[in-house]
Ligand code: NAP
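Single chain ahead, written as structure tokens, the form predicted on its own.
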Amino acid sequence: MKLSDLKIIITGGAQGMGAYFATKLLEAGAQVAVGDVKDELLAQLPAGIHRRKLDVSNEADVVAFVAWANEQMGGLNGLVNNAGILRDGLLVKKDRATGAVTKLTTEQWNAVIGVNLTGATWMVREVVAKMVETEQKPGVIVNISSIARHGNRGQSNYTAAKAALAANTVTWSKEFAAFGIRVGAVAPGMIETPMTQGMNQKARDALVAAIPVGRVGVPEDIWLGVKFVLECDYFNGRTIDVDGGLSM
């Protein structure tokens, strides 16, 4: 698809990669609707972007947002499923000094699964349902997965969500083919965003040292992958790793 033909939703778009994607799409002539729980940051997006508070973990909020975006843009043919959070922690940990055993909490698990998997799934469901209802085709969905989907220490919740999202990229590409809708995914490595800036410094330094290209990625690196998925009509049902060669 041509970027200028897109009427597209971006979740988690108030800052970081989502805000970058929204700006690049607007510059390319697309119509863009951005949702984020941090509604105070939405006002900082460039003029011309439709914006509204969105909590993807709230099913009713997702349904209302998609209906609103479709009305604002006069149609809907794309989604970048970008919203995501971290609540890292070892599943089971023993304190070396005290011997105390701690466990990943239900709250940590549910928060990440609720946003990164359940919320992403409801977004796909509602966007595709709207496209089918309005007979809008072609359409395209880009899921933002992660190289952590292969497994990463201290990220049981995040790994589970991002692995499922990559697997369902394949599932949905098959289910939605009859509707003329493609589904692809981009899996970032370590990217400079507000989320990764909050990492433990020791863990961050160790991770950067393991990246073969020798640097942390920037949103532009991931945008190039997203742009490819959006534009290449022969790309479907696959995940692109954009990680500087990092292996987890």
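These numbers come from a predicted model, not from an experiment. One rule holds for the numbers: they count along the sequence shown, beginning at 1.
Keep in mind that the form predicted together with this ligand is not shown, yet the notes after this line are about it.
- Heavy atoms within 4.5 Å of this ligand in the model of the complex are found in exactly one of 124-132, 71-79, 102-110, 84-92, that being 84-92.
- Interface membership of residue 31, defined by any non-hydrogen atom within 4.5 Å of this ligand in the model of the complex, is ruled out.
- Residue 49 falls outside the set of residues with a heavy atom inside 4.5 Å of this ligand in the model of the complex.
- In the model of the complex, this ligand lies farther than 4.5 Å from every heavy atom of residue 185.
- Although the partner is absent here, residue 196 is a contact residue: one of its heavy atoms lies within 4.5 angstroms of this ligand in the model of the complex.
- Contacts with this ligand in the model of the complex, taken as any heavy atom within 4.5 Å, map within 49-82 to 54, 55, 56, 57, 82.
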